[in-house]
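Shown next as structure tokens: one chain only, the form predicted on its own.
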Amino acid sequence: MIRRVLSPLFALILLALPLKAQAPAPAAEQIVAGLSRDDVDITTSFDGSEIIIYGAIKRETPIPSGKPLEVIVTLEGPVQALTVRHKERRLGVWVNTGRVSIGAAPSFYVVTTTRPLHQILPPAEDQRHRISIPLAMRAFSGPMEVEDAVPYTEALIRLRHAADVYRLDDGAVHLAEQTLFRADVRLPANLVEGIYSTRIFLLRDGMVMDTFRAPIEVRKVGLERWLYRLALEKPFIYGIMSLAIAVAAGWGASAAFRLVKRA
């Protein structure tokens, strides 16, 4: 009887031992971080904002010798599926000659670093964590209609750089005594609603030692949110209201003009 009861118990112990042996050891240096705010409100007068990402390096041993510590901070907006088209002018008419569909591209993406990104992040680590701007875009979707998709993705990145929604800020992370760090991330006025993801990477000798993630909610509030929801959920009423406002504005301007002319 006793043997019958203990056998399953020994089996459970034997199953648990390998799992415990395979558990990863904690990193020698760990990130402890915070954000100056975890939400951003978009109002009718919103013209951009700024978020401070700060933290410290937790370690149980003295600072290792060798190359200094590096910190990379990324802030990524909600991803969107999109299509990049190439146009050419033929016989005086602009026509589409090729297109590339991207499964998921961030609506906003900023990378800030302690030193130039190409000096501190090896390609293998970049591929593993998808940190740089080209790798932040996910896999292509649908069949490829062009031989080389690189010019299309480069054009998309160039356009979003110009719109200030993709940015690489080398040297914008301030690291003091290899322990305290801070990054000031500027947010433009053309943000979209959604959950934004903050990632912090701690690197030493080109290897990512630890990572930290935190969400930031960006939402429209007040009259801006009411109009946004009305346009999405009740487009007919939104159209009628827009038409009425346009007619009233036209009538008011005309009446004011007549009064001025009589005076």
Partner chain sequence: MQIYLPIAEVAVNALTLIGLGGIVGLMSGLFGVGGGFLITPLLFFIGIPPAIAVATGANQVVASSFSGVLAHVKRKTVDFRMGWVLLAGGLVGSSAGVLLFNMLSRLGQVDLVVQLCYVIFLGLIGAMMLQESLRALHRSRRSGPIKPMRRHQHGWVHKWPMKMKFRASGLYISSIPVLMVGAAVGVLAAIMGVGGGFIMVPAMIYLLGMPTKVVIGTSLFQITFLSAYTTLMHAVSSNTVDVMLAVLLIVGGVTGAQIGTHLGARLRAEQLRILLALLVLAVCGKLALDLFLPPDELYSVTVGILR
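Note that the coordinates shown come from a computational prediction; the quantities given were computed from them, not determined experimentally. Heads up, when I say rigid core I mean the largest set of C-alphas that superpose within 1.5 Å between the two forms. Positions refer to the first chain, counted from 1.
What follows is about the form predicted together with the partner chain, which we do not show.
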{"query": "Residue contact check: S132 to the partner chain in the predicted bound form, 4.5 Å heavy atom", "finding": "no"}
{"query": "Distance check, H86 to the partner chain in the predicted bound form, heavy atom within 4.5 Å", "finding": "yes"}
{"query": "4.5 angstroms heavy atom contact with the partner chain in the predicted bound form for I53", "finding": "no"}
{"query": "Proximity of L227 to the partner chain in the predicted bound form, heavy atoms at 4.5 Å", "finding": "yes"}
{"query": "S65, A176 and S197 each touching the partner chain in the predicted bound form (heavy atom, 4.5 Å)", "finding": "no"}
{"query": "Segment assignment from 90-98, 113-121, 68-76, 178-186: heavy atom within 4.5 Å of the partner chain in the predicted bound form", "finding": "90-98"}
{"query": "Any residue of 164-191 that, in the predicted bound form, places a heavy atom within 4.5 Å of the partner chain", "finding": "A189, N190, L191"}
{"query": "Flag for A176, CA shift 2 Å or larger between this form and the one not shown after aligning core", "finding": "no"}
{"query": "Threshold 2 Å Cα movement between this form and the one not shown for V95, core superposed", "finding": "yes"}
